[in-house]
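One chain comes next, on its own, written out as structure tokens in the form predicted on its own.
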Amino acid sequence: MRTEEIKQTLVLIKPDALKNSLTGYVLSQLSEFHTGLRFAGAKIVHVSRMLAEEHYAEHRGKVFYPSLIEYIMGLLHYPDEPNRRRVISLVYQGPDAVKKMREICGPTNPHVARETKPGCIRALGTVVPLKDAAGNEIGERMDNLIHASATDNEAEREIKLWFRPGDFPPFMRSYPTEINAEDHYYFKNGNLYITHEPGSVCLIAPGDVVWKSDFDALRLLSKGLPAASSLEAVAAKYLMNYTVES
């Protein structure tokens, strides 16, 4: 299969599915037998706040956004057990990957899923009311067990956010890559450097294989120019599981 023909989608098995021991059930529903799709990548992730905020960037400012961040980080389901806060991140590959995975997951709202598509994965989820400090209901959060990319463009953004090129076998990399033959790129406190600063972390070193879009963004950002991706969106994947946030 040529690279340009590969279609992939991101799937996240969320903390509520893990806490309710639904991992095996979910994986069985996502198997090649049911979907015709193949595994391309998999990892277990302790979700940092940076990663969570970039994943749900489109919802910034909405009333449920803070709860959504705490949810995907595992803070709500494991408030006293940081060692159990994790998400299983998967990439599936094959024809119509996005559409097939969305159909198996079912509607975003678990109540709607139970009414319109009983037996789908999200039919086992729940809807949690959100309240302000005075106890007034101000919205709701969908604890729907699983995330699946909604479009091919969203899949590309999300896969590049959760995975590095080296997380895939070479023939399963569906987006252009580049080998860094230039500078080191360091990250510290939300800033980018091309020389080491005390306390900084190296994101990319010469010889590393990176997504071309990440490399293009770092080149521009290092010169103080606007880029298609934010620094946090690039840094989040390279710092994944690097430190533990409680």
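Sequential numbering from 1, following the sequence displayed. Computed from a prediction, not measured in an experiment: that's the story for all the values here.
This protein has a second form, the form predicted together with a small molecule, left out of what is shown; the following refers to that one.
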With the partner left out of view, is R173 within 4.5 angstroms of the small molecule in the model of the complex by any non-hydrogen atom?
no
Within a 4.5 Å heavy atom cut-off, is N144 in contact with the small molecule in the model of the complex?
yes
Would K212 count as a contact of the small molecule in the model of the complex, using a 4.5 angstroms cut-off between non-hydrogen atoms?
no
Quick check on E140: any heavy atom within 4.5 Å of the small molecule in the model of the complex?
yes
Answer key, the small molecule contact in the model of the complex at 4.5 Å (heavy atoms) among I121, A97, V91, A148: the residue is A148
Could you tell me which one of R38, H59, R219, K188 places a heavy atom within 4.5 Å of the small molecule in the model of the complex?
H59
In the model of the complex, segment of 113-121, 100-108, 74-82, 163-171 with a heavy atom within 4.5 Å of the small molecule
100-108
4.5 Å heavy atom contact with the small molecule in the model of the complex for all of H184, A236 and Y238
no
